[in-house]
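The chain below stands alone and is given as structure tokens, in the form predicted on its own.
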């Protein structure tokens, strides 16, 4: 998907605003001031804020899919794959205490357009499906041990990572995230 520089800039800046302030914490006016363009220019690319949110989540889902494919191709050890995956969350937080865009949007789901909520749910499904597949491979290779279905463990793991980011943000300490991620990985390996 090729997008114009202006559209790409709008998406990049909207991502940062959502990660730092939430979807309801900014307007097209804030975005136009941040980028240095007129709000009409934003409306040219995205008729509504909901359209902007949907396009952003779709872009992030595509990027995550590419990243999952890269991890699967480049890293044979499922444990190492999970460690690399955890680093996405860690580095997001370390970049100005930003939060996961999916988590931020999920927090506001009751106030979001239905189409955007559906995209956010797909975002969660994508992550949980990849985690489930990675956990299944790890169990077959005897890297991981768990008694529940890989889908249930994946759902719990993703929820734990999102929660660990919230805790790290509340205290301003990446160590809280690191401790939770390490603990979960150790539980899978025991």
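Numbering follows the first chain given and starts at 1. This one's a predicted model, so the numbers in the text were calculated from it and none came from an experiment.
In what follows, reference is made to the form predicted in complex with the DNA, a form of this protein that is not presented.
Remark: none of the three candidate residues (151, 177 and 182) comes within 4.5 Å of the DNA in the predicted complex, counting heavy atoms only. The partner is not drawn, yet in the predicted complex one stretch among 24 to 32, 128 to 136, 143 to 151, 62 to 70 has residues with heavy atoms inside 4.5 Å of the DNA: 24 to 32. Although the partner is absent here, residue 4 sits close enough that one of its heavy atoms falls within 4.5 Å of the DNA in the predicted complex.
Although the partner is absent here, residue 47 is a contact residue: one of its heavy atoms lies within 4.5 angstroms of the DNA in the predicted complex. Although the partner is absent here, residue 40 is a contact residue: one of its heavy atoms lies within 4.5 angstroms of the DNA in the predicted complex.
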